[in-house]
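This document opens with one chain alone, in structure tokens, the form predicted on its own.
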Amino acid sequence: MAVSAPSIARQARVRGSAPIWVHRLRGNRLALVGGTIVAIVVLVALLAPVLAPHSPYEQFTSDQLVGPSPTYPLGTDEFGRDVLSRVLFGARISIQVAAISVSIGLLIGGTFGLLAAYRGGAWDMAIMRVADVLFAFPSLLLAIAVLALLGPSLANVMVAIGIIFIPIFVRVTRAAGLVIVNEQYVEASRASGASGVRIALRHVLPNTLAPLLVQTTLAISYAILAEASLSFLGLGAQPPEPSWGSMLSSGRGFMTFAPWTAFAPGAAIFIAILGFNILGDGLRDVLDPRMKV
């Protein structure tokens, strides 16, 4: 069927006004819903000092295990601390740990994955065998082993979770990079005398950003869960820090008569992980080059 010139012109204007992925993003409800949830979680973390009705450390000894009320919207815990305030400040810990730990994995894993894809040969084999060794350990057990060596603390949790993500980002970057290094424009750049660093940073790395972005959002959701799990075991944030995992651990002993102490942090973990997972799935669809516009 023939397409009129005005129609082609309108399409050109629409596509020229913004990148294609922006139009796909606007039309992808999954990505928009996930992005909205993530934005709310991040804003709550940033505005916790403003939104929290009380200090997360303040103990109201006369109001221990008090149910939800206008004064304490989500009740109090066994020490008389406001649960809502602690959940809001707990979002700051979860987002901070997730952002830093994923950044560690992305920076180190992405660098070695890029090196393995571009150099190949012995470099590729050595890097991937180390990644395979790290993959051989269950992720949570690997984090526990690292914390056993470094000691329980929030900073060490970031390092431990970051180590978990290194082999994941190595594989994602290498897989995407192997497709790019054999393209004609990379060969032409190499033939023109461009250095390996220039080729890797200017041609290979930009074309691996789409899968890395999707993997980053999914990794953040797992980092939130991992931090909560480690804190639940007493290896993460130490009392009286308001970590969702530690709140869930202490609240499980009062489930029969004060369920809000465990329900509130559990719901916060669920919402945060759900948001990042939905956003990751939406971005995967938006950035898939096989999608039709």
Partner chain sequence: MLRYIRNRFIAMIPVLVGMSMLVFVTMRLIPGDAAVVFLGTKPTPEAIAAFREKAGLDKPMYLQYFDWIGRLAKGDLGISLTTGSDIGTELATRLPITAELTLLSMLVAVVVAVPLGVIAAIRHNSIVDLGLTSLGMIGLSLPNFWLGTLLVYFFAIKNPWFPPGGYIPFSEDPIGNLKSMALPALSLGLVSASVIMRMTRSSMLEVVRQDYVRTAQAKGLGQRAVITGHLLKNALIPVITVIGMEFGYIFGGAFLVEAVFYLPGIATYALLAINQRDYPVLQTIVLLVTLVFMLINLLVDVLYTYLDPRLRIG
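This one's a predicted model, so the numbers in the text were calculated from it and none came from an experiment. Residue numbers count along the first chain shown, from 1.
The discussion below concerns the form predicted in complex with the partner chain, not included here.
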Would you point out which of 206-214, 129-137, 172-180, 72-80 contains residues with a non-hydrogen atom within 4.5 Å of the partner chain in the predicted bound form? 129-137
Might Ala31 be said to contact the partner chain in the predicted bound form, defining contact as any heavy atom within 4.5 Å? no
Contact label in the predicted bound form: Gly266 to the partner chain, heavy atom within 4.5 Å: yes
Do Ser250 and the partner chain share at least one heavy atom pair within 4.5 Å in the predicted bound form? no
Even though the partner chain is not shown here, does Met125 get within 4.5 Å of it in the predicted bound form, heavy atoms only? no
Is it the case in the predicted bound form that Ile144, Ala228 and Ile278 each bring at least one heavy atom within 4.5 Å of the partner chain? yes
Heavy atom within 4.5 Å of the partner chain in the predicted bound form: which of Ala39, Leu51, Leu46, Met255 fits that? Just give me the one. Met255
Position in contact with the partner chain when the complex is considered in the predicted bound form, options Ala155, Ala188, Ala148, Leu107, heavy atoms within 4.5 Å: Ala148
Taking the partner chain in the predicted bound form, which residues of 61-81 have any heavy atom within 4.5 Å of it? none
